[in-house]
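Given as structure tokens, the chain that follows is alone and in the form predicted on its own.
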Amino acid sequence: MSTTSKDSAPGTLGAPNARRSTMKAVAVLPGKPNSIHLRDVPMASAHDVPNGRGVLVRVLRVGVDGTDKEINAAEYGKAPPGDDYLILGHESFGVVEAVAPGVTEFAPGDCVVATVRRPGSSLYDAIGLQDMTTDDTYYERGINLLHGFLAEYYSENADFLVKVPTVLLSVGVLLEPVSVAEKAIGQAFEIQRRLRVWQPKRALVLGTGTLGLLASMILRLRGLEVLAMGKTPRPYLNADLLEPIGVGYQSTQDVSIAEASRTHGPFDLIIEGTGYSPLVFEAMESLARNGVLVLLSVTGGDRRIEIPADRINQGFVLGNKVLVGSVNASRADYMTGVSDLAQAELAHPHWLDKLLTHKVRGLENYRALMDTLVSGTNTIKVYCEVAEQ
């Protein structure tokens, strides 16, 4: 098994040493609130993966988001069979250290990102669309039944890795949230193939966190006029970041979706990612004829509101409108994400870097990582720098 750097003392962060039996990882005890901790876990190896398809990856950066916060709050998440802990982290970025004999598409030194969901038993899983699984039980790294990437190393089947070009080394950790936005937008265009000549002009992005900012960027790359709406009034960092890429911003505290639609015109495509379900029904009324509304929010609770059901129903029927949910992403969405990130870097140099607002160095600072994520003060993307390039 070859590596890209020389062995160093056992226990040194990021040092590939065959004599090491353990490595450091940040984990939780699923079901126990605020159980985040640093622990020693078995050292990963390319030989952990069957059929000679294993790749050993040294972790450089791991992004964290609301999912990690909710798992640490014991709202969901399950440990892999045989373990009572779950290694966190589903937004990965790392460098290949070693490959098993059956791997030819990656080599030591390649920078990679791993996809999140793994195949189950449905027909969709069998054709590489596990993000479309119909199984009740799903397998997601760092989320459910599979360990994540917030560790010194991880091993993975080469089929679930995506190579990241050197132009994206500083922003590769954004690829997982980009893939979610890519899937949502890609599904909208796929659905609208029914129209043969769908040419959307205006898009509305609801929610201006990391996902909303990236979705706005992708839509601009597709040539759409884009308005983003969020709860926070100006002055607002996220709104300031939208201006350089030609995206307008309005606060839902100042303007309703209906008012925005009257000002800008009905929206051909709406991406909803606010986590606030009542906005969905406002968005349904502001969708243009032949339009698509894509829902990305995973909302809990039992919120109830009164809605103009007949008017919404009539508008959807007479307007040939579509409402669709989208979760996770396929490997193809990651590949599209690589292309769009590279295009964005060329069109707006260093804009993506500005989304990486909060860096926490070292796995040992896991509490600061979670506290920064929970505080949410002027944060866009919080990430852990596990090791240097």
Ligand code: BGC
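Numbering starts at 1 and runs along the sequence shown. What you see is a predicted model, and the numbers here were worked out from it, not measured in a lab.
One more form of this protein exists, namely the form predicted in complex with beta-D-glucopyranose; it is left out here, but the text below deals with it.
Proximity to beta-D-glucopyranose in the model of the complex, taken as a non-hydrogen atom within 4.5 angstroms, holds for one residue of V173, V116, A151, I270, which is V116. Residue in contact with beta-D-glucopyranose in the model of the complex (any heavy atom within 4.5 Å), chosen from V322, V327, A342, A332: V327. Taking non-hydrogen atoms only, E140 approaches beta-D-glucopyranose to within 4.5 angstroms in the model of the complex.
Interface membership of V247, defined by any non-hydrogen atom within 4.5 Å of beta-D-glucopyranose in the model of the complex, is ruled out.
Mapping the unseen interface onto this chain, D48 falls outside it, with no heavy atom inside 4.5 Å of beta-D-glucopyranose in the model of the complex.
In the model of the complex, beta-D-glucopyranose sits beyond 4.5 Å of every heavy atom of Y85. Stretch-level contact analysis of 39 to 47, 65 to 73, 359 to 367, 345 to 353 against beta-D-glucopyranose in the model of the complex, using heavy atoms and a 4.5 Å limit, identifies 65 to 73.
Looking at 245 to 261, no residue comes within 4.5 Å of beta-D-glucopyranose in the model of the complex, counting any heavy atom.
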